[in-house]
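Just one chain is shown here, as structure tokens, and it is the form predicted alone.
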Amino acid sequence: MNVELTDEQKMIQAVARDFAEKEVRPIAEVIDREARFPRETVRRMGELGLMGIAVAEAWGGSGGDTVGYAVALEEVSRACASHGAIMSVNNSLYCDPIAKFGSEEQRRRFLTPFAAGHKLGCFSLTEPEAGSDATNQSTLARRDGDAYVLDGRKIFVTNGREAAAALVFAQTDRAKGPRGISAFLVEKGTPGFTVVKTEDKLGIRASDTAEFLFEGCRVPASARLGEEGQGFKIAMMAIDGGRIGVAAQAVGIAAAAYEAALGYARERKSFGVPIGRHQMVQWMLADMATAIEAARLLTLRAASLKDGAEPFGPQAAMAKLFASEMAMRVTTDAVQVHGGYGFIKEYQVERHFRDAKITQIYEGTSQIQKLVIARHLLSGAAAGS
């Protein structure tokens, strides 16, 4: 793997960094405190081509690749993890599966305005009894002539309140288990589709997380994404790619916390010298920097495999597992370096600490990542393959 970024990847990294520093970082603390969705800066992300980075230009995207997406998402998440979550879901979980499995008409209607950032999409898989066990879907999609009728409940939908359309998964044939799950593109405002509530969260507070209710929600058969029974395959492929995004988000959060700790260690004095002169703090900083670099390389490795159309699922799981666990350790240590001030909202490391936790949970918990990796290893594949 070549770890050097191409000129195009460097350009999108620079665009994302400049935008994040000038427009996102100044509002990050306020929108977190107010749990306020940042509509204006999300619109700007669309204008800059950050909402459909790996989508072809013909379909409203930037025509970039997954590596470019990962480095851009790290920069945005370094400034604000909520922006990173919004960007990640629209790119990985919404646009990517439609680009791969959508018809020409579906791409025109449900992809182009979303990849261009004119509209926002979301991914609706999780249910009260179907979290880590995503096959245990209760939402039903009953065929009725030239339409399907959806009934069920979905939870923890990132972008759910603000999204114009949702990629929704439902059982079309219970007897077939995972092979009886299908995917549907459902527009907000469709009768029978209700946003029941939005959650008050520990972290990524400026990104909305919603609960959906479907009651006799009638959608045309043309809104089915892929073939009937192909939904679980579509969901898992989307989540594999999404794990690269979560890993990049975790790297960005950790990098922000590390930079804050490094700056504080240079300025804060104890026993007559900057605390960075004390060996115990030096070791913490060294461990932080090393772990961040390792996570970044794992993330770029998975992204490069996806770009090369090679199997990347296990590497994405490894990157997501390592990066999310790393982000929790780094942000914890960053709070510790700040001492009592790390516990005060005036110092932003407490926000990074809160934001890091979700990366261990969504798009597959750390425990699920270990199952994915172990099953791959036990199937006979080498760890580095």
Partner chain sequence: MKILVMIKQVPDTATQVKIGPDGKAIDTAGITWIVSPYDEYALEEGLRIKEKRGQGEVVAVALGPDRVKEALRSCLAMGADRAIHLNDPAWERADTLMTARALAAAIKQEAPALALFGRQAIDDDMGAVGAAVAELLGWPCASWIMEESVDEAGKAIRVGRQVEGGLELFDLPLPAVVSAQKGLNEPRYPTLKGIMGAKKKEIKDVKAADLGLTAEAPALSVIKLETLPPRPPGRIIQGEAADAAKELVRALREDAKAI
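Residue numbers count along the first chain shown, from 1. Please read all numbers here as calculations on a predicted model, not as lab measurements.
Note that the form predicted in complex with the partner chain isn't included here; everything after this is about it.
Remark: all three candidate residues (7, 47 and 62) come within 4.5 Å of the partner chain in the predicted bound form, counting heavy atoms only. Taking the partner from the other structure, the partner chain in the predicted bound form has no heavy atom within 4.5 Å of any heavy atom of residue 362.
For residue 40, no non-hydrogen atom is located within 4.5 Å of the partner chain in the predicted bound form, even though that partner is not displayed.
Using a 4.5 angstroms limit between non-hydrogen atoms, residue 15 touches the partner chain in the predicted bound form. Looking at residue 11, you'd find a heavy atom of it within 4.5 angstroms of the partner chain in the predicted bound form.
The stretch in contact with the partner chain in the predicted bound form, judged by heavy atoms within 4.5 Å, is 50-58, chosen from 327-335, 50-58, 313-321, 341-349.
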